[in-house]
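One chain comes next, on its own, written as structure tokens: the form predicted alone.
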């Protein structure tokens, strides 16, 4: 009994310490990718742009500033919302495979839980906006709710289609990230199914832009229309927490795309078997995959497009992307009938 109790405590310590390390490293790379993204966008638009380390400077600056609670706000909710957002994104990272390694809490949750956790930071943003009592923030929160409800359907269709196909190949739980990694979707499909999976990957790339709240889907914080939207009244450390939550969520969402469609490690293909070198190689390869997905799904799109209207953004997800994912699912089903 004592041995069992000791093991429980050891596992708890490992999970707690590992969680802190995972969140810290992911936050650093999320900020680094944000700086690279801003620099690339600036160069593609003919501007110099800020230095790559600017996001780190922004966090440092906000950390030193005072957090002001506006008159008329709901103080406890206004203050709690940024903490909820950053905690939710931190927990999200624990269920997603990162750096070529299994998810830290992958045994305790599946991709359905990941979808729920992706919603929580957006709900925290919405709650903070409504709690601030600002009309601009209220409009931004309403827009965020509309966008959030719009992109959930195509995202769910993609996950269900992948799990359904993997479920045909194995008796293991097809919704577990470990199962998805062990049975990459591309290896289970014929030519027709590959076309369907490509369509779903395209739709998921568009969903990633909305999840990251970047142009053209940054309607909820449109500075030229609603003065910053749902974060207009936030400052100091509270704003820093929302900023970190936004950065980590974007990194986590891209990691989800990688886990669903590119769950490959490089070390087995180049014959590296030693644990440490293989871990380093797979971790670096993961960062490359994240950068490539982020570049095509966020950087290129926001460089070449202007902000949508809220009605246009909702239509893109509810009509266009849902239709694309359903066609992709249909092609995968046809592929299963043929091959």
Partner chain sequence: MAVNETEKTTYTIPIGPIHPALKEPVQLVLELDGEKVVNTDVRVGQVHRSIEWLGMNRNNPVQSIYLAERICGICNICHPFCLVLAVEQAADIAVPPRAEYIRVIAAEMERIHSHILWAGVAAHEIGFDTVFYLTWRIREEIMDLIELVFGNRVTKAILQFGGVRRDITKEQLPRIRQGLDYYKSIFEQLRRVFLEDETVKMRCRNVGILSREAALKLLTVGPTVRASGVPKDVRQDQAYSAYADLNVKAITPDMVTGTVVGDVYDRIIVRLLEVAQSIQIIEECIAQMPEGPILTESKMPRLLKLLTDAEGEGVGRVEAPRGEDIHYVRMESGVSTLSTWKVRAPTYINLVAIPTILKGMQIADVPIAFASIDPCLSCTNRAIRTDKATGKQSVIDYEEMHRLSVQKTKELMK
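Values in this document were obtained by computation on a predicted structure and should not be read as measured data. Positions refer to the first chain, counted from 1.
Heads up, the form predicted together with the partner chain isn't pictured, but that's what we're talking about next.
Residues with any non-hydrogen atom within 4.5 angstroms of the partner chain in the predicted complex fall in just one of 53-61, 31-39, 297-305, 280-288: 297-305. For the three marked residues, 79, 149 and 237, no heavy atom of any sits within 4.5 Å of the partner chain in the predicted complex. In the predicted complex, residue 83 stays away from the partner chain, with no heavy atom inside 4.5 Å. Though the partner is left out of this view, residue 249 does not reach within 4.5 Å of the partner chain in the predicted complex, counting heavy atoms only. In the predicted complex, residue 46 approaches the partner chain with a heavy atom inside 4.5 Å.
When contacts are judged by a 4.5 Å heavy atom cut-off, residue 201 does not count as touching the partner chain in the predicted complex.
Residue 135 is the only one of 191, 72, 102, 135 with a heavy atom lying within 4.5 Å of the partner chain in the predicted complex. Proximity to the partner chain in the predicted complex, taken as a non-hydrogen atom within 4.5 angstroms, holds for one residue of 139, 260, 158, 96, which is 139.
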